[in-house]
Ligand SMILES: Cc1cc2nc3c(=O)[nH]c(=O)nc-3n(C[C@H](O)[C@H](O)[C@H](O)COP(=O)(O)O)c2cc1C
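Only one chain comes next, encoded as structure tokens, the form predicted alone.
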């Protein structure tokens, strides 16, 4: 079973991801992890914290001579802005954060809750996902995330190959597939910042090269769509997840939702095994299992809860109304969230790959993977 845990506080010494169940024999390039951490820090609308931090991974265990050992892998990201011991507590909870519910739950102050609830924790998740991507690459699987809506503005993706779209996204200041709209989006973010407000948006992640049969229909907690939804919904500020048509499927008739099944012998050696679909409304998943088509998932991110022009709150000591506390924050972190969602999805797909083909070593996984494809083609 491939999984990970994270530890650390926003202004603590470091963020840590402990990855367990990772197969032995996978070549790991820390530069690829650092590239994802750098992307997470980017995107128009970020705040002052990103000018302080310069995230880089320090691999503490589980790697020898550049390859995984099969033992637990510890990934550490140091916080340059380490100052937790010097910070005071807050007495005015911020609407939209875990300040009030967490302080009541733990019968404590707000600081201990907000430091762990902070989205700074996602640096560790991105590191774990970037590690998982290096396993997926061994099987020709790629995860690709981008922004499709920001502040209510639709950023319609331009068509093209995966390589062309990746180049467009990397050229966009908001990580969309339509860089020509960047100027309009930046103006919207700037206006919102001047008003002391924040913006949310919608992220799409596509995973290409998936084989049939990741996930399972046999139990509710083994369905891959359910596992993906849980993993993505656990990301700070994500309030909705949909796969394929998602909510739109509820508005259409069945004949306009389900993807017809066709066979093309010329595609027999692709992940689809020749079973092609003229549409992909299911988003690559049926009955909790991959169906040979690209996985398509979208996540809705709410606007950041910390507002420079605070909403009404109360003082926990006096119980009198006061404006909510303000901690340094971003105006918009939707581009960064696209990196986080992409890597969280990548890890969950990698976990399903390990479940299907075994996880002791890469050599074993590849032999089982090839044997499965040969058997599936011979049916």
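From a predicted model like this one, the values you see are computed outputs, not experimental measurements. Numbering follows the first chain given and starts at 1.
Beyond what is shown, the protein has a form predicted in complex with this ligand; the following relates to that form.
Residue contact check for residue 141: none of its heavy atoms lie within 4.5 Å of this ligand in the predicted bound form. Contact check for residue 169: no non-hydrogen atom falls within 4.5 Å of this ligand in the predicted bound form. The shortest heavy atom separation between residue 98 and this ligand in the predicted bound form is within 4.5 Å. The closest heavy atom approach of residue 239 to this ligand in the predicted bound form falls within 4.5 Å. Stretch 118-126 is the contacting one of 243-251, 118-126, 83-91, 276-284, since its residues have non-hydrogen atoms within 4.5 Å of this ligand in the predicted bound form.
Think of it this way: in the predicted bound form, this ligand has a heavy atom of just one of 178, 272, 305, 79 within 4.5 Å, and the residue is 305.
When you look in the predicted bound form, the only residue of 33, 352, 26, 336 with a non-hydrogen atom within 4.5 Å of this ligand is 336.
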